[in-house]
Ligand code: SAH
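There is one chain below, alone, in C-alpha cells, taken in the form predicted on its own.
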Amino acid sequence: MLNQDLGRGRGVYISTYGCQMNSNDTERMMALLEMVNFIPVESPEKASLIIINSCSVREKPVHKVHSEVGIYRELKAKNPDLRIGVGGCVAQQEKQKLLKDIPLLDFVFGTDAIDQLPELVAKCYDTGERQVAARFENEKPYSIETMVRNPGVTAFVNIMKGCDNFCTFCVVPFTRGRERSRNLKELLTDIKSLVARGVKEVTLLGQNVNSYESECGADFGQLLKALAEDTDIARIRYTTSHPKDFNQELVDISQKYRSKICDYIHLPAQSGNTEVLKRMNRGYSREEYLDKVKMIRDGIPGVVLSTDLIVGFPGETEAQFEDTYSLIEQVRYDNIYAFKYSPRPFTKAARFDDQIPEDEKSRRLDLLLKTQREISFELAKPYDGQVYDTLFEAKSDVEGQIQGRTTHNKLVYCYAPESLIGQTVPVKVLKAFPSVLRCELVTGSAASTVHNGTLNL
C-alpha cells in the first residue's frame, strides 16, 4: 500500500510545455502528488521533486529536455534528496533512451502512466533505482476522475485521449496512443461536481473532439446537448475540432444552445491547397474545408473562427503556398496559429525527400503572419463601442483591473471590483485589439443592448 506521507512535506515543481492537454495533465500530476503530501512550490530551487512535462509537437523537443535537466545539475549536487523526472510526449516517445542519455534523470513516465506517478516516485525514493513507465493502456476503458485542486472560474476537462487520424506530420498517435473516449455519464458527474465547487466554464479537451463517442453511443454533439440541458454549467468551450468530422448536427446543436456553447471554433486547416492536404492525410480538400466554414457561419451567425496552418510542408510549391495565403484572405480568421513544418520522429512526412529549405519556410511564415495581423486588426474594429457579456475570471496584473472573456474568446480587461469575478456582466468596449478588449462596466438601460454572441462583421 502506498505511503500517504510519501512527500513528507517536500516541495514539488513541475515545468510544463505544449498544449492545453499537457496543462491539464500537470494539474492531475499536482493533485496526485498533493494527495501523498508533496507541496507545490514556485521555483525548482525550493523543490525536492522536479518534473518536466514535455511536448514533442514542435522542433527539437528532446534537446529542450536535455537543456532543462542540465540546469538542475547544481541543485542535484546540493540536494541528494532531489529526484528529477520527465513526463509527457517526449517521455512517451523516448522511454528508456532518456534515462540512458541523461544520467541526472531518476524516472520517466508516459502519457498513459500519470496515475502511476506516486508509485514511481515512491520506488525512486525507496530503492534508489531509476524507473520507467511508458506503456499504452489501449485495452482498458478510458475512465478517469477530473482532478482540479483549486478550481477557479474555469476548468479543463479531458473527454477523450489519443488520435486515429495519423496525419503525416503529426506525432500525437505515437505519443498519446489511439482514440479512447470517456463515458458520458462520468463526464456529466465530473462537470456537475466542478459546478458545485464554483466552476462557471469548462473547456472540453481532446486531440479531435468531434470523434468523441461514449460507450452508450453518444457522439460529441449529444455530449454538448447533455451538458447544456443536464448541468448548470454557464459556458462550454472545446478544442480541438477536425474539419472532416464537423457536421451539420453539431452546428445545429451549437446554435440551439448558444446561451451556453461559446461562439468560438478553432478549425485547423493546416494548408489551403488540396494536394498538400492529401499528402498530409487530412481527409478533406480545400473546397470541402471552405464548405464547412460556410456551413458553420450560416448556422451560427457571428461565430469567431481561428485555425492552425503549416508552411513549408515537404514538397509545397510556391503556388501551393499561395493557396494557403489566399485561404486566410478568403476565410478571414480572427486569429491563426501558423508554424514552419518541422520533421517529427515516426511520422511519414519526416521521410519525404522533398524538404523545404529553412529560409524559404521562414519567408512564407513571415508573409502569412503579416497578412493575418492586418486582417485581425480589421476584424477588431467593429467591436469598438459594442456591449458584450463577459465572464470575469481573475484579477489582472494591473491594480484595480479584473479580466475575463467574451463568448468569442476575446480577453477583456476592465477596471471593476473583484467581487465580480465569477459573474457574467455586460461591458462596453472602449478599444478593441485582435485578441484583447479594453472595456468599462455597463449599468442601467445600456445593459439591455448586450450582444449575446452575435457580431455583425
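For clarity, every value in this text was computed on a predicted model and none was experimentally measured. All residue numbers refer to positions in the sequence shown, first residue = 1.
The discussion below concerns the form predicted together with the ligand, not included here.
Novice: So the ligand isn't shown here. In the predicted bound form, which residue out of 31, 62, 430, 57 has a non-hydrogen atom within 4.5 Å of it?
Specialist: When the ligand is considered in the predicted bound form, the option within 4.5 Å is 57.
Novice: State the residue from 212, 341, 72, 246 whose non-hydrogen atoms include one within 4.5 Å of the ligand in the predicted bound form.
Specialist: If I apply the 4.5 Å criterion carefully, the residue I get is 341.
Novice: With a 4.5 Å heavy atom cut-off, would you call residue 324 a contact of the ligand in the predicted bound form?
Specialist: Although the ligand is absent here, residue 324 would stay clear of it in the predicted bound form, with no heavy atoms inside 4.5 Å.
Novice: Within a 4.5 Å heavy atom cut-off, is residue 169 in contact with the ligand in the predicted bound form?
Specialist: Residue 169 belongs to the contact set for the ligand.
Novice: Against the ligand in the predicted bound form, would residue 282 count as a contact residue? Criterion: heavy atoms within 4.5 Å.
Specialist: Result yes; residue 282 sits at the interface with the ligand in the predicted bound form.
Novice: Could you confirm whether residue 272 comes within 4.5 Å of the ligand in the predicted bound form, counting heavy atoms only?
Specialist: Residue 272: no contact with the ligand in the predicted bound form.
Novice: Among 153-161, 96-104, 333-341, 124-132, which stretch sits within 4.5 Å of the ligand in the predicted bound form, heavy atoms only?
Specialist: Looking at the partner contacts, the answer comes out as 333-341.
Novice: Can you tell me which residues in 190-207 come within 4.5 angstroms of the ligand in the predicted bound form, by heavy atoms?
Specialist: Just 207.
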